[in-house]
Ligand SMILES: CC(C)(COP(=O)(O)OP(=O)(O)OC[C@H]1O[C@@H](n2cnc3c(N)ncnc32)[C@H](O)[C@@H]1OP(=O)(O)O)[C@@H](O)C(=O)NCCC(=O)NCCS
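A single chain comes next, written as structure tokens; it is the form predicted on its own.
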Amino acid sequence: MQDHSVVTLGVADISGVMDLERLCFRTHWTREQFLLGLERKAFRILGIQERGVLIAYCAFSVIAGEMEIMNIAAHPFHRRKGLGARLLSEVLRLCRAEGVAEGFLEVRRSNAGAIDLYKKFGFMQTGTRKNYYPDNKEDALLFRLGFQDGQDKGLNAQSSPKES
């Protein structure tokens, strides 16, 4: 069985991140957006590699006690293996250690696998952004996780195989 350790990614890893972006998302971030975010320390990226190849990553920001998940991606051949859960668990562990109060994310209404994953970690839907995604005008569902109010289930959900 593969180790699937979570590592912190940096500028040198952007090519692998971009490969997953193009493979996993209809509308994706640009290389310049990732580089600028990392160089300005606006966000962090955690990843999982297999035999030196990036197979999953999670980009997130922590600002003023709030965390936002920007993207979670897993290579299509590696989905349903718990990689998204492993990454999300590590993000939540880091946030708890840093005293983050709450976390946020948005997800396509049609992304049932991701929605299931987020709910297993205690995220609760708080709203909807109508026609949010530019490629097909799909709604974005807004989710929140409170670290201080007992809502956070991050440590218990990491063994779940469901993910986006």
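Just so you know, these numbers come straight off a predicted model, no measurement behind them. One rule holds for the numbers: they count along the sequence shown, beginning at 1.
The same protein has a further form, the form predicted in complex with this ligand, not shown here; the description that follows concerns it.
Only one of 122-130, 107-115, 92-100, 59-67 lies within 4.5 Å of this ligand in the predicted complex by heavy atoms, and it is 107-115. The shortest heavy atom separation between residue 24 and this ligand in the predicted complex is within 4.5 Å. In the predicted complex, the residues of 70-95 lying within 4.5 Å of this ligand by at least one heavy atom are, in order, 72, 73, 74, 78, 79, 80, 81, 82, 83, 84, 85.
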